[in-house]
Structures are given as C-alpha cells and as structure tokens.
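Here you get one chain, nothing else, as structure tokens; it is the form predicted on its own.
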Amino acid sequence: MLSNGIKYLEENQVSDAKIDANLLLEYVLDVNKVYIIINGNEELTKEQIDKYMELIRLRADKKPLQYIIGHQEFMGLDFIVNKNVLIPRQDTEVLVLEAINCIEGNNIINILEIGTGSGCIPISICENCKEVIATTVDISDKAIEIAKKNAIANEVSDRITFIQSNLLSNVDKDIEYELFISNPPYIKKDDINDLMIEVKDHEPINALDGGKDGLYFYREISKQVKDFATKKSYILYEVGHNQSIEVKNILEDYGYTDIEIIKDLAGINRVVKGVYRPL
C-alpha cells in the first residue's frame, strides 16, 4: 500500500513523494516510522486502505500535508493548523530565537505580537521565556480560535492574551510593551499567483498579501507601534527575500535606531531589528 501511495504522488509530481506517503500512512495507522519499517508486510483493513488513498489523493491535488494531518512542528512544539492559518515554517524560528535573545538580554516582560496566525511565535517565546507576558493580535477570529487551542495544548494560555484586531486598533495602550514582534504578510500582490499551488490555493491569502510592493504592513506596524512605545522598546520583523534593506529604511524613516539585520542559517537576511526611544 505504501508503494502505491508513493507511485501515485510521484505521478502527480508531488515533491518529497516518499516522505509524504510515509507520513500519511503513519497518520492513518497512528504509528511511528519505526513501526512502519518493522511491520512493512502487515495487511491493512479496507477502511484503512480507503482512508489512506483518500489522503493520498488530497496530497496529489497539492493540499499541504500539514493541513491534511492537521499539525506542524515548530521550535520543538506541536501546533494545530488548518486552512485559516499559515503553516509555521522553519525560517520563522530565526525570528523567535532573536526575540528570545532580546528578551533575556534586556529583562523584557511584556511583548506584543502582530499577526498571530497559529500562535507559534508567542507560544514558542512563552515556552522558552517563563516570565514573559504576551499579547497577540490577528484580524481573523478563526485564526485566534486556532491560536488559543495551541496555547492551551502547549500550557502557556495563562500568559497570552489574544485580541481580534486590525493591527493595533483594539490594543490597550495602558500596557508598557517592551518588544513588538511580527511576521507580517510580505508577498507582493502581483506575485501571489506565482507561488506554489500548495501556498496560493490553500493558505490564507490575507496572511500572504503585503500590498503592491510587499511592504504595506511594515509601514503600518512601524507607524502604529510608536503610539504604544512609552519607553525604550524593541521591534523585530521577519522579512521576505531581498526586503531587509527596504524594511531597514522604513524603520529609519519612522525614527527607529540601532537597526540590525540578522541572517538565517542559509545566509539569507531574515530578521530586521530596531529600537524606538520616545522623546
């Protein structure tokens, strides 16, 4: 049955066909890879075969594997995902690690994240920084619902406040946030149709579309944060390929200083960090 799944995915030009076929079989049988290897000749029931081939066909239609099985690992934690949230990606771990370094190096307690999606960023930060109190916002109530479930599952829900908000419009200004963090939509509107089918046809467009030049949310967030920063505060952005200099310039235009660009493990500029000091 596994070989049939691999062959079907390969015929439909699914990358990593063997890996995906194995993972889907593990999911259907609720077993791990070792079990599959040891019991490779075990016969499946008709119900198991039908379920497996149903999922194989979904993957062949380019539905992301993570949406099929409903989970994705990030920073060593498990996250529920569905069509209402972006799939957490390893690139974003660079942003989280830089946030953790910033928090630990500056004794930061209150943080505000913009665009929570699955909640992978604030949840991972709270898991690693036990004193942090996080507030996180998203315009999508369905995304907030998933993020809340993930916070409960990862046992940090008591330290995260979730707010449905268009950027910072519904955020309380009375809290003195010391770190603002975001992985905003940054794909140019005209480039969305050029993305992989798995992305453009399945992941939420409002979490991808960064406007005409891909920089809309960097400008808006940088501008709005200034109304909330009552003392020296840090801002951290994940940026798209070739956007780091433009985002650095945006921060400078809005009065941020000490701007740094941090590379990922592949040497690509992935995170832009700045400091805002209110007058």
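In case it trips you up, residue 1 is the first one in the sequence shown, and so on. Because the structure is a prediction, the values reported are computed rather than measured.
FYI, the form predicted together with glutamine isn't displayed, but the following is about it.
Look at the stretches 110-118, 164-172, 146-154, 125-133 and give the one with heavy atoms within 4.5 Å of glutamine in the predicted bound form.
Selected range: 110-118.
Does any part of residue 179 reach within 4.5 Å of glutamine in the predicted bound form? Heavy atoms only, please.
Flag for residue 179 set to no.
Would residue 72 sit within 4.5 Å of glutamine in the predicted bound form, counting heavy atoms only?
No, no contact at 4.5 Å.
Is there any non-hydrogen atom of residue 140 lying within 4.5 Å of glutamine in the predicted bound form?
Heavy-atom contact with glutamine at 4.5 Å: absent for residue 140.
Is residue 94 one of the residues lying within 4.5 Å of glutamine in the predicted bound form, judged by heavy atom distances?
No.
Within 202-219, which residues have a heavy atom closer than or equal to 4.5 Å from glutamine in the predicted bound form?
Going through 202-219 in order - heavy atoms within 4.5 Å of glutamine in the predicted bound form - there is one hit, 207.
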